[in-house]
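Here's a solo chain for you in structure tokens, the form predicted on its own.
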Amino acid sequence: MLDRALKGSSRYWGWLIFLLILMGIGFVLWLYQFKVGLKITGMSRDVSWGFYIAQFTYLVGVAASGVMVVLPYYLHDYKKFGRLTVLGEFMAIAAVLMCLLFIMVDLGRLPRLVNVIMYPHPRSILFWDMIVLNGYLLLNILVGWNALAAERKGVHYRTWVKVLAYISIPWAFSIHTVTAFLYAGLPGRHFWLTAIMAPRFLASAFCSGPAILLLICFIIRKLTKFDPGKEQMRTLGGIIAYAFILNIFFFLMELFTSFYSQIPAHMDSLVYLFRGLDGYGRLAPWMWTFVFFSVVALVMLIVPYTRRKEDTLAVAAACVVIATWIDKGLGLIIGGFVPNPFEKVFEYWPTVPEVMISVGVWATGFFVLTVLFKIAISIKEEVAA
């Protein structure tokens, strides 16, 4: 089936070449970072996790969201999601690969990766994160590829594929739950020290991932002969709506708990994010942008007419992606470090090399996603014909 990726239009090859250029720029800058160290980034002793880990956190959610099409199809026998299941699994593969790459670039030196393998410990959350991420990657490769191969041959997938699909459902919940524990398990960071960190992660994952998949479905329908299906896309819109409402509800719970109880350590991070603290407030415009897009998305998703109309549904999905990325890909991680445990503000902002390396990682993920989707859509078009 890999030969399908070698056939395509000039637009397809142009897109791949563009991604390769971005990947090359990111790789060159990563080599520079590997030579001189993480001092080329905006990170410091006070902010040791920055843009890299923020993207990792967001993409773990995108990967976990694949379960939102796998679960209805395999567990509830919602056959209409059969058009989207492989796409969701392939999106999860690309997202996990990006997660692993962001961990690699954040470590600075690759040999440090070996320490997790050489010195495993059951009390290490990072060790369990490695297990669940790599396991989820393998599950999606096996299930997605074999299901697609069976569809190409016009036969039903084998029983063991369905068994692995069942296993991947709780595994999807585990990858983002374990990632949430990386933050919630740090007692010195009060902004993250909350019992609903894992539920917040899952709620944001189950709206942001399907929103990205929905936008990709719109693009696929416009550029190819494959139609993911109006009912399927409308169902995705419903999933996004409920998950995003829950995500905003959890965020408001954090606001209420912090300001009603007047816990200074919790309030300071939120004050910094939305108003600025001690003269530093670089993230405030971003967080108010998050509020704006969240309100727009909520209105469009709650009102039945705008949720069912495809044009406004696409706009709502884009707003969800932007809002969740700002909240989770910037505010959540950086806000946890400001102020530091000594109540001092050391502001962080990503540097140009840091951003370009991240763009290179994103380009790598989109390259893999494009190739996998090209294979899947070519086979689906062939089967439909």
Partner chain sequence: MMGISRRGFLKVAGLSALMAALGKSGFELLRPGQVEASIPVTKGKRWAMAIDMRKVTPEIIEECKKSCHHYHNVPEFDNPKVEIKWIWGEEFEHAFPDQQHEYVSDLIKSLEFPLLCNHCSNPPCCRVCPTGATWQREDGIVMMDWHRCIGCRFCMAGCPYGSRSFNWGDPRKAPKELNPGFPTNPEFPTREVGVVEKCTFCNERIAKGQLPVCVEKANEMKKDSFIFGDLADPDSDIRKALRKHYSIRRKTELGTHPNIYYIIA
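It should be emphasised that the depicted structure is a prediction, and the values quoted were computed from it without experimental measurement. Positions refer to the first chain, counted from 1.
Not on display, but discussed next: the form predicted in complex with the partner chain.
Using a 4.5 Å heavy atom cut-off, which of 355-363, 341-349, 59-67, 322-330 contacts the partner chain in the predicted bound form?
This holds for exactly one stretch, 341-349.
Can you pick out, from P187, P304, G279, P285, the residue that has a heavy atom within 4.5 Å of the partner chain in the predicted bound form?
Here the answer is residue option P187.
So which of A318, L38, A54, L29 gets a non-hydrogen atom within 4.5 Å of the partner chain in the predicted bound form?
Checked against the cut-off, the match is L38.
T289 near the partner chain in the predicted bound form, any heavy atom under 4.5 Å?
No, T289 stays farther than 4.5 Å from the partner chain in the predicted bound form.
Looking at the partner-bound form in the predicted bound form, is N115 within 4.5 Å of the partner chain by any heavy atom?
Contact check for N115: yes, within 4.5 Å of the partner chain in the predicted bound form.
Although the partner chain is absent from this view, report whether L182 comes within 4.5 Å of it in the predicted bound form, heavy atoms only.
Output for L182 is yes: heavy atoms within 4.5 Å of the partner chain.
4.5 Å heavy atom contact, G335 to the partner chain in the predicted bound form
So G335 does not count as contacting the partner chain.
Using a 4.5 Å cut-off on heavy atoms, what residues in 30-52 are near the partner chain in the predicted bound form?
V36, G37, L38, K39, T41, G42, M43, S44, R45, S48, W49, in sequence order.
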